[in-house]
Structures are given as structure tokens and as C-alpha cells.
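Quick heads-up: it's one chain on its own, the form predicted alone, in C-alpha cells.
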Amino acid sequence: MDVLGNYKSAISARSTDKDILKKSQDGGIITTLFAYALEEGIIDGAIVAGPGDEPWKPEPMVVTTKAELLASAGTRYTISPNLSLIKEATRSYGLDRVGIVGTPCQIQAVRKAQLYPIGMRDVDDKIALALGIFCMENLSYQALEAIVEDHCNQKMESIKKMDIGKGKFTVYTERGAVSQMPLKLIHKYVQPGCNVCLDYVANLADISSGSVGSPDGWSTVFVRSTKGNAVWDGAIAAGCFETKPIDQVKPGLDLVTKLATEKITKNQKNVDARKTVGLKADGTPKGLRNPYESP
């Protein structure tokens, strides 16, 4: 089993755009790719996780300019239902070429919608660029709030940045304070669906990216599809990124592989356990009782 999925190339990279780097979580890969794709007409707009009404609560939004992209840059460690805007992006906004960013499960949903467009007619062929982000697990907003305020003892509205790495969840406040908690304490807050997910690196995206494997301020990038390859090559030619060979940076793909393997191995056990629900001791199905027959 290839835990990293199929890919054409793996690179360590960061944006050359200083405005994007100021706002980005790590290397600014997703924001820069969408900015390039907008400028080149590869997409007419993109569906991203933008700022919501409450601090650090994302809301899906359609962006059509670099300024709007910058306003949505950075990671928010909670759910943003980006796919809910696909129809609106094509119909209300009239976009013919849509970019979308999502977690591995969301990218899987995009591909399923393209394969089986029931309820998505005239929309599936308008998804022009799907970018994925690495994800071990996700949180509800209420869980994130509890982690920040109860465990890290900070107010949500005072937080400047959140980060996950080196076994810790870290928050940085506007006034320069830093609070941390061990990642192992987060697991009880994780969304139930995350416990059966077998994808860490967004295998089905055109391009997927995350901080793991690259130095601070850089991101690891997997270029996966023919479309993704064309966009990446164009962005490189346009000077959008500086890059390093992934085998020349630390910790490199070994750490990405390790974490992907841990996620898949752990969650495969949950998937297998679910298969036994409703089975007799000998492994045969119990079957459902016919309500029209006497017991």
C-alpha cells in the first residue's frame, strides 16, 4: 500500500510573494497557486475557508481576487464545509472554472461528485483545480474553543495564529504570548468521521500540500495529476515559488510516510471493527428481522 498516494513529483517549496508569506500558515502554497491560477485564467474563482462571524470559525467563501485570497489565508483547525458552495459558485457567481481547496475527505467528495454527478449536473465539469491539504484529524468549532480557552487558557479573539507540530498544539496571541498543549489530549475532541479516514495527504487532489516533512516556513508539495503538473510547472516558470528537492530537506518524506502510515493503520482497525457489527459469533450476518413475521 502506497500511503502517500500516486504523485508525479514531491517538492519542498515556499511562495516568493512576501504579502502571501506574511499571511500564510507555512509556505503559502495554496494561496499562491490560486493567485497564479486566477491571474492566468485557469480558474475564474476559488472556494476557500474564509473568516467567519466568530473568531477562528471559518466560513466557506468564493474568492475571485488576490485581495480576497489574502483575507482567507492561513489555517483554521476546524470544519469549513467548502463543498456546500460548489453549486452557488457556478450558478450565483457564474463561474465556469472553479478552484476548490479541501481536506482529504472533501477532495474525495469532489471526485465522487465528478464520477457520479447525481444532484450535481452541469457542475462536475466546472471543477478546474482541486487542491488538498494534509490532515490527520479535524475538530468542531466548539472543540477548538474548548482547547484554546480551557487547555491553553487564552481567549479565541486574542489569538493571532494556531499551529500543530512537534507533538504539540500551539497558539500565539496578538500580545506575543505562546501557549501549548500535548497533541495526545486533543484526540477526545476529534470528529468521529476522522477515525475511519484512510487518507492523510489528499491522494485525489491535483496538488496537495502540508507543512510536514519540510523546514519551518516551507511546505511539502505533491504534484499528483496531469492538470496539477501543468499548473505547477506554469507557476514555477512564473517565479511563484522557490523550491528544494524533498530528499535534501529534513525531516523529508520519511516523516510524512510515518504519519500517513500511523493514521491509516490506526483507522483501518476502526474500519475493520465496523464490518463486524451485526455479525454472529461465527462471523455470519445476523440479518434484519422481518417486521411482518412473528418472532
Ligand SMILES: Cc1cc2nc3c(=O)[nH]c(=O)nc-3n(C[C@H](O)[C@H](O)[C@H](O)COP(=O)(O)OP(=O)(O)OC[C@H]3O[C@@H](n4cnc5c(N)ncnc54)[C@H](O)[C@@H]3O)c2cc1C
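Source: prediction; values computed, not measured. Quick note: we count residues from 1 along the sequence shown, nothing fancier.
Only in words, not in the display: the form predicted together with the ligand, which the text now covers.
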My understanding is that the ligand gets transferred in the predicted bound form by a local C-alpha superposition; in that placement, do 3 or more ligand atoms come within 2.4 Å of this form's backbone or C-beta, making it blocked, or is it open? open
V171, I133, I86, V110 - the one with a heavy atom within 4.5 Å of the ligand in the predicted bound form: I133
Interface membership of Y189, the ligand in the predicted bound form, 4.5 Å heavy atom rule: no
Is A35 close enough to the ligand in the predicted bound form to count, meaning some heavy atom within 4.5 Å? no
Contact with the ligand in the predicted bound form for I43, defined as at least one heavy atom pair within 4.5 Å: yes or no? no
Although the partner isn't part of this model, could you tell me whether R76 comes within 4.5 Å of the ligand in the predicted bound form, counting any heavy atom of the residue? yes
Which of 247 to 255, 48 to 56, 231 to 239, 35 to 43 lines the interface with the ligand in the predicted bound form (heavy atom within 4.5 Å): 48 to 56
Considering only 175 to 213, what residues come within 4.5 Å of the ligand in the predicted bound form, judged by heavy atoms? Y200, S209, G210, S211, V212
